[in-house]
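Just one chain is shown here, as structure tokens, and it is the form predicted alone.
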Amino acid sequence: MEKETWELRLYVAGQTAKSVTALNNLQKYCERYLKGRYQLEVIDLLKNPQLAEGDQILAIPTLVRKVPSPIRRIIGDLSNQERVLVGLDIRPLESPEQ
């Protein structure tokens, strides 16, 4: 079975502490659990506020998983790894080494 590529969007508002933390945490989780099988798009709503409507963004930072279906959203700085993995339904291909 071919590995599906995950499509993730992180909505932020500039370089706030929460936005930077969310991006750093997300990159860490993706490299650890989805390495080589994800696409990450960061959308700055200060530059493109009209893009918030398409994914119904009400708070920032917000992570949206577009693919695989169903669409899932997580709001906040993504610092709680367990919440993020469960919220996105990420199941590692194999257990990562500690």
Partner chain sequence: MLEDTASLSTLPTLPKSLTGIDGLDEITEGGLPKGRPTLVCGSAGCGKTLMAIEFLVRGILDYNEPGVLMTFEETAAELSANVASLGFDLPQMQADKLLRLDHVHVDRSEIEETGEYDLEGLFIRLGYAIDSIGAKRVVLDTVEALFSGFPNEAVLRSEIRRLFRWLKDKGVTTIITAERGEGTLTRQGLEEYVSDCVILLDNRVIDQITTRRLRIVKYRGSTHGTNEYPYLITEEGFSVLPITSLNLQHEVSNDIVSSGVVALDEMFGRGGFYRGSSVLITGTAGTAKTTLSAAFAAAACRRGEKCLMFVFEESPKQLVRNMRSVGLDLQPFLDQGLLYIEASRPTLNGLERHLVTVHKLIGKHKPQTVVIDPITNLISVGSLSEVRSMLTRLIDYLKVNGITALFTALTSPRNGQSEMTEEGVSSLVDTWINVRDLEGVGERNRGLSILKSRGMGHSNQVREFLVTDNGIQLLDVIIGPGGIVTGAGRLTQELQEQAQAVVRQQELIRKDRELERKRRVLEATIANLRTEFESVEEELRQINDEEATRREALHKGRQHIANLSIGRIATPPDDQP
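Everything quoted here is computed from the prediction, not taken from an experiment. Positions refer to the first chain, counted from 1.
Just so you know, the form predicted in complex with the partner chain exists too; it's not on screen, but the next bit is about it.
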{"query": "Non-hydrogen atom within 4.5 angstroms of the partner chain in the predicted complex for each of L45, G76 and N80", "finding": "yes"}
{"query": "Heavy atom of P49 within 4.5 Å of the partner chain in the predicted complex", "finding": "yes"}
{"query": "Partner proximity in the predicted complex: Q56 to the partner chain, non-hydrogen atom cutoff 4.5 Å", "finding": "yes"}
{"query": "Contact label in the predicted complex: L26 to the partner chain, heavy atom within 4.5 Å", "finding": "no"}
{"query": "Residue contact check: V20 to the partner chain in the predicted complex, 4.5 Å heavy atom", "finding": "no"}
